[in-house]
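The chain below stands alone and is given in structure tokens; this is the form predicted on its own.
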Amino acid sequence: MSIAPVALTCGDPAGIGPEIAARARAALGDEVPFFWIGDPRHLPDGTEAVEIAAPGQAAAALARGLPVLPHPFPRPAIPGTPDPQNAQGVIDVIARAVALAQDGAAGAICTAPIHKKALKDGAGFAYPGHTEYLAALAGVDRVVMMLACDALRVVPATIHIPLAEVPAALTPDLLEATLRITEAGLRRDFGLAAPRIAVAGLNPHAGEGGTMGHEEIRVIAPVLDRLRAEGMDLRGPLSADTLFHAGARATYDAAVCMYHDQALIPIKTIDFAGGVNVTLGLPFVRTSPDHGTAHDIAGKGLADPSSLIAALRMAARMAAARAGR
């Protein structure tokens, strides 16, 4: 199905975002219709960049190079050295991509990594990260982070908090919202008519009947029972140590986990380079490579574009799934 092109934001110009954008286009050719939003000066020397005036010109431009929707920045980029004077430009590019997606000019958004401290120091960026800013721009109160590759999709119910705080943070309301957004996302963005969701327990052996913890009995199981009564296909709470081998993965479409590492360790073990960060619950498709700005290798020709390539492909597939409903 023909879709509007994916908008790829520049991310931190001093990171690896510009160089992996150029490499992604070289690897993909015209397989995925996308365009890059940023300052052409920030692309690596020798990049075959084709400036466009509107997203609709991206597909034709891909045959000649990387389609670039120019967005001027105050300063050039020095690889490995974030410039606070460019911070507002990074923020504005994200907002521009969202506006294009909301208008239908972009079929999805793929975001290159940002450097949150540089944005805070240079422009007073008030959000913990990309996801929260995107949610604010979209007017959405709650979203869900999914990490996905061809072999596995995982969702952590709690994310960037200390492990000691997880039991208190894992409320019935949080778990229910996470499961509802995940199930809706699997239907809308992945084209699954009857999603199967596995739910991990918090404790070893999923609490083993209360001998190793009571969160499964007090919090997780009642939420699952209530949502099963509505027709959701939920399995669990399951012991996380047997949830991710090949045979188990074949029985579900996504696994909802209780904390960050419970979800991310298996997917990064299975496909470290090909994992994609997906935000569910937004009114537009958003993907991102599952890595940071990598300032230590920026500009050295060492950056691996594999995760960005996977993120662009997944964004296009998700956009097509939405368009087909």
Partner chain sequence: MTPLKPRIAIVPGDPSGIGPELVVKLLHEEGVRDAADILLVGDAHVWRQGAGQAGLDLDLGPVELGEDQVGTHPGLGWLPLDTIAPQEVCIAQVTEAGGRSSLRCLDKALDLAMADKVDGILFGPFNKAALTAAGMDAEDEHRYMARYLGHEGYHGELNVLDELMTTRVTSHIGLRDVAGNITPEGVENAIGLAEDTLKRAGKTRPRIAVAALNPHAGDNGKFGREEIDILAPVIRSAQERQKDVTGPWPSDTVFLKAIRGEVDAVVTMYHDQGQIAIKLLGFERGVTVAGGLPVPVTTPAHGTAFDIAGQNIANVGATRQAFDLLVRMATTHRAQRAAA
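Being a predicted model, the structure only gives us computed values, none of them experimental. Numbering follows the first chain given and starts at 1.
Although not depicted, the form predicted in complex with the partner chain is the subject of the following passage.
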Heavy atom within 4.5 Å of the partner chain in the predicted bound form: which of 166, 181, 221, 105?
166
The one residue among 204, 128, 172, 191 placing a heavy atom within 4.5 Å of the partner chain in the predicted bound form is 204
Check residue 176 for me: does it contact the partner chain in the predicted bound form (non-hydrogen atoms, 4.5 angstroms)?
no
With a cut-off of 4.5 Å between heavy atoms, is residue 262 one of the residues that contacts the partner chain in the predicted bound form?
yes
When the contact criterion is heavy atoms within 4.5 Å, does residue 242 count as touching the partner chain in the predicted bound form?
yes
Does residue 266 reach the partner chain in the predicted bound form, with heavy atoms at most 4.5 Å apart?
yes
Of 107-115, 67-75, 221-229, 207-215, the segment with heavy atoms within 4.5 Å of the partner chain in the predicted bound form is residues 207-215
Does any residue in 129-164 get within 4.5 Å of the partner chain in the predicted bound form, counting heavy atoms only, and if so which ones?
159, 160, 161, 162, 163, 164
